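Next up is one chain by itself, shown in structure tokens, the form predicted on its own.
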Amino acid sequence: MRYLLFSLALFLFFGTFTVSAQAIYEDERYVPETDPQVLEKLAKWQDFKFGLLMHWGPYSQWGIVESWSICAEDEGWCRRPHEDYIAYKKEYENLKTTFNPVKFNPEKWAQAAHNAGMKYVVFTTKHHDGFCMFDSKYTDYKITSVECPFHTNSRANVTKEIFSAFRDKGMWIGAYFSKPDWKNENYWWPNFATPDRNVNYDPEAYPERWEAFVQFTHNQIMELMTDYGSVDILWLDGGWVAKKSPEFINKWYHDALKNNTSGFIKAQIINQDIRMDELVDKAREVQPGLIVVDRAVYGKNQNYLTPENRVPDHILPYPWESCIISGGGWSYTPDAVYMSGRDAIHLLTDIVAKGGNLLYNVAPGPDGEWQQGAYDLLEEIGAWIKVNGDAIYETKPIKPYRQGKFAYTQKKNGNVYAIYMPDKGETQLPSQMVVESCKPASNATVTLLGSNVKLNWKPQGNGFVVNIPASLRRNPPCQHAWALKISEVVK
């Protein structure tokens, strides 16, 4: 429940105060990229459709939401289990001294993701708490610190190991990196209290301190760009760390006061310019064509948009991916209940029909393993993808996108797919399918993916009716959803 509250709280907050809002994601608030190399990569990324997100850090030992319990905002999803904040924060930071994921085996993860049909991975190299899952020379708050028992392991630099294992499976590499860093004294300065997620001092009043943080951020990101092989996506979180004009800040406060009834404004708006344009230019010098996702920050450095834990209800006019929890929370949850294979397949189909990608989160545990439920779920998705991948990969939306039980996709070669998503408990193909808004050309063939049998069909209204033979109904090629392939449709 706390994770649902988390998503809802972010949605309501940003939607109300017009700051990089997820609600705005359904508008035209997107600045197209102009770099030809980035555009080429972005087009390939849009063809991938399915990726893996992993939140992992010392917090997995407690099975709590990542980072947020050390933030002083008064939200149910990030409340601490006792009232002494200072003592709690110290205990949280001391998790570094007991983090020892000895079962870490990234090749096993990469194989499972590859078998599931995932094409890219985004790994949390650093979350808001500042703990680095890579060997940064700019902090000792990291997994390779001598105070972390795992540092003696030959694979202690887990980011490098994960990137290598997934790259070996032909998958693209994405580095999640948090712009705010709640451990760094140039972001949360001990001279002041930490009232919310933001920098706890005025960067304009203390420019040298803020510049030190900017340089720290640039240096850490450039470590990832130069020391960890080819990186395809730089996935930046913490959209409140961004350049904001005085006019924007004044408008935000006016709107916040007007809409606030409690008398207390959480998560204020502060100009936190980390010079993203400069950073992106440097990153692309060493990683040409790098896709940059400056999440929830309107502008040219957000190459695709990322609705969180939800799916837009209609097609969006720009590149996007839905970030969705597969089970439990973003971070490890003991005894997590995972999404059913049916629901996951329908989710992926719905997103792809609307032109998006699915970034599916699986959270490793404190021992360095995934829960068995995650492996089982990915195996079930993979079995379906093996049969129906042609209807998913390298496809584009086609009207009406979704209608009734059908979702529609199309290939560049003219093939169109009508993916039938049965109701819960509907385990058998119907004897007849009625497709209402997609009419095959007169000489078109209609088949079911996973079968070479040409199906008998006839036009009906703006669509067609297709008969499914008993042999296919008795032995369907897959479970949970079935894709009709139409070789050519009437334009």
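Don't overthink the numbering: it's just position in the shown sequence, from 1. On a predicted model such as this, the values are computed, not experimentally measured, just so you know.
Here the subject shifts to the form predicted together with a small molecule, a form of this protein not shown in this document.
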- The one option of Trp188, Phe134, Phe166, Trp330 with any heavy atom within 4.5 Å of the small molecule in the model of the complex is Trp330
- As a check of understanding, the residue in Glu308, Glu380, Asp232, Glu369 with any heavy atom within 4.5 Å of the small molecule in the model of the complex should be identified as Glu308
- Note on the structure: Among 206-214, 394-402, 106-114, 121-129, the stretch whose residues bring a heavy atom within 4.5 Å of the small molecule in the model of the complex is 121-129
- Heavy atom of Val387 within 4.5 Å of the small molecule in the model of the complex: no
- Query: Can Asp237 be called a contact residue for the small molecule in the model of the complex at 4.5 Å between heavy atoms?
  - Reply: yes
- Message: Check Tyr176 for me: does it contact the small molecule in the model of the complex (non-hydrogen atoms, 4.5 angstroms)?
- Response: yes
- Query: Using heavy atoms and a 4.5 Å limit, would one call Arg284 a contact residue for the small molecule in the model of the complex?
  - Reply: no
